[in-house]
Ligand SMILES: Cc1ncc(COP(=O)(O)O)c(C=O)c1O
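Just one chain follows, in the form predicted on its own, and it is written as structure tokens.
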Amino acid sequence: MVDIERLANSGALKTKVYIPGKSKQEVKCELGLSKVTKMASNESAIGVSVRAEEAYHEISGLLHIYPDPVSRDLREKLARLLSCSPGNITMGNGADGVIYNLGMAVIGEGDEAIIPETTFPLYETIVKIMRGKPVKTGMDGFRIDLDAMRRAITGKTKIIYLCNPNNPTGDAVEKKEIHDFIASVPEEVLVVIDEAYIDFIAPEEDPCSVTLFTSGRDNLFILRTFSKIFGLAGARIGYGICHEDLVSLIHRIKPPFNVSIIAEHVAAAALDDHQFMARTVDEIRREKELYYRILDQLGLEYVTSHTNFILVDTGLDAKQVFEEILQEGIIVRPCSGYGLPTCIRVTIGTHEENLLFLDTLKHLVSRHKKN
């Protein structure tokens, strides 16, 4: 019999399995429901651009061909939009894939990586896989504490992970705070700014990280994805913006065909549909106002969101709330695993889905008040 303890990478043994939100089919089977609403994984309720759909159908005759291993055409298109060089862009199988590629390229045994206590868990996972040392820093309520991160820097610090806007809280660090923080980080320390949700932030609050990088901050790695604003979560495509030497290093170790020909084509088409992006942002903003109004009426604390989801503090056990809402056919994300035992994260859905969830939450809160 295989001895996994002996066979395994010792770093892999220290990790935890990433638990995604339940799927609709899973809940239908478990509870015998015919209709289930998923509001747990921050997928776009608006769907995808018509241009992306058209591109998907147009490439059916190319599926027998390997994709470009470094996605040159898409990198060139992104570079024009971002006013940087194609050599500053690396593509991956979703933002997750880029996180893994970067970690494999730069993290060595014993290297320290500074990570906020409440944030996206895959940063810690790749650090442990590479036998690095995650250094967790405390939060300032629901906000990332940049001062705590700054104090945690040592001679062994290799990388800092800053998710902005942050998942699962939805909070965003102010532009000046980010710029001051980056200026205070030693040049030899790489600062990863995960901007998966940056398209939902108000223009006046955008930290303009790419401009900061192109102005000479070589120790920045800016991470973005097509999963959120473009609705291409199923296509699995993300990218990083960084110094060309780091791109070259990543391309030495990444899988050669990690972005499919489907993903590259639909992503390129999606970039052209500015009207779709604007409509998505506008609908999400309008629906968040609905949430704020109802949550205020219910007396529940929440984080004003710069994303397409809202973190709600129910004041109750999050796992219990999750189960009760699940019985009504609605999937949300309990945030107990993020160190937030009374909070749930709710993806902004369609107007009908949002009304359904909020009505369910009203009844739940009322029921618990009576008890």
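On a predicted model such as this, the values are computed, not experimentally measured, just so you know. We number the residues from 1 along the sequence you see.
Not on display, but discussed next: the form predicted together with this ligand.
- No residue in the set Thr157, Val192 and Phe221 has a non-hydrogen atom no more than 4.5 Å from this ligand in the predicted complex.
- In the predicted complex, none of the heavy atoms of Gly231 sits within 4.5 Å of a heavy atom of this ligand.
- At a distance threshold of 4.5 angstroms between non-hydrogen atoms, Ser227 is in contact with this ligand in the predicted complex.
- In the predicted complex, this ligand stays beyond 4.5 Å of every heavy atom belonging to Leu74.
- Mapping the unseen interface onto this chain, Asn167 counts among the residues with a heavy atom inside 4.5 Å of this ligand in the predicted complex.
- Only one of 251-259, 281-289, 172-180, 115-123 places residue heavy atoms within 4.5 angstroms of this ligand in the predicted complex, namely 115-123.
- Residue Arg236 is the only one of His265, Arg236, Arg217, Lys128 with a heavy atom lying within 4.5 Å of this ligand in the predicted complex.
- A heavy atom within 4.5 Å of this ligand in the predicted complex is found for one listed residue only; from Ala270, Ile89, Ala196, Ile144, this is Ala196.
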